[in-house]
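One chain follows as structure tokens, the form predicted alone.
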């Protein structure tokens, strides 16, 4: 998990993304426990209320669930939900912008694919 925060985005959202990243990369397994809000606040030197807000964002999105007295756990199906959400975001934030710009400069689909393939070779 990253240890520094981007000032352009609220810290609680970055905490939520860090947890999502941990779920995607296998740090946190489905039905597995995540760090407590106290641990987040101590490790990242943030206000505990900020950690709670980030975690609650994931609870609201059914990525995490609470076991009373035990802590927060990764919900079954969380990884699939995160992948679906991030793929939609990737499409809208990157692919659509790429296609709009490609159209402006008269690139064909083949041109774009060649650029991607050449980029992967570098």
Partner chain sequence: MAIVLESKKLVKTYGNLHAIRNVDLLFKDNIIYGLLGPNGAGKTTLMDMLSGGLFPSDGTIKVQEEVLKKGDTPKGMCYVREKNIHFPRLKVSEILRVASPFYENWDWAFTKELLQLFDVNPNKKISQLSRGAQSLVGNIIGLASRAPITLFDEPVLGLDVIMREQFYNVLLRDYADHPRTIILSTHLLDEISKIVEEIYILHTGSILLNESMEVIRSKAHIVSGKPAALKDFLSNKNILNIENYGNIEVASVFDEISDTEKRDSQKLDISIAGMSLQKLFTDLVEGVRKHD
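Since the model is a prediction, treat every value here as computed from it, not as a measurement. Under this definition, the rigid core comprises the largest set of C-alpha atoms superposing within 1.5 Å between the forms. Numbering follows the first chain given and starts at 1.
FYI, the form predicted in complex with its partner chain isn't displayed, but the following is about it.
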Q: From the candidate stretches 50-58, 63-71, 26-34, 78-86, select the single one in contact with its partner chain in the predicted bound form, where contact means a heavy atom within 4.5 Å.
A: 50-58
Q: Indicate whether its partner chain has at least one heavy atom within 4.5 Å of a heavy atom of residue 104 in the predicted bound form.
A: yes
Q. Taking the shortest heavy atom distance, is residue 9 within 4.5 Å of its partner chain in the predicted bound form?
A. yes
Q: May I ask you to check whether residue 100 falls inside a 4.5 Å heavy atom distance of its partner chain in the predicted bound form?
A: yes
Q: Using the arrangement in the predicted bound form, list in sequence order the residues of 18-48 with any heavy atom within 4.5 angstroms of its partner chain.
A: 38, 41, 42, 44, 45, 46, 47, 48
Q: Could you check whether the CA atom of residue 88 moves 2 Å or more between the shown form and the other one, using the rigid core for the fit?
A: no
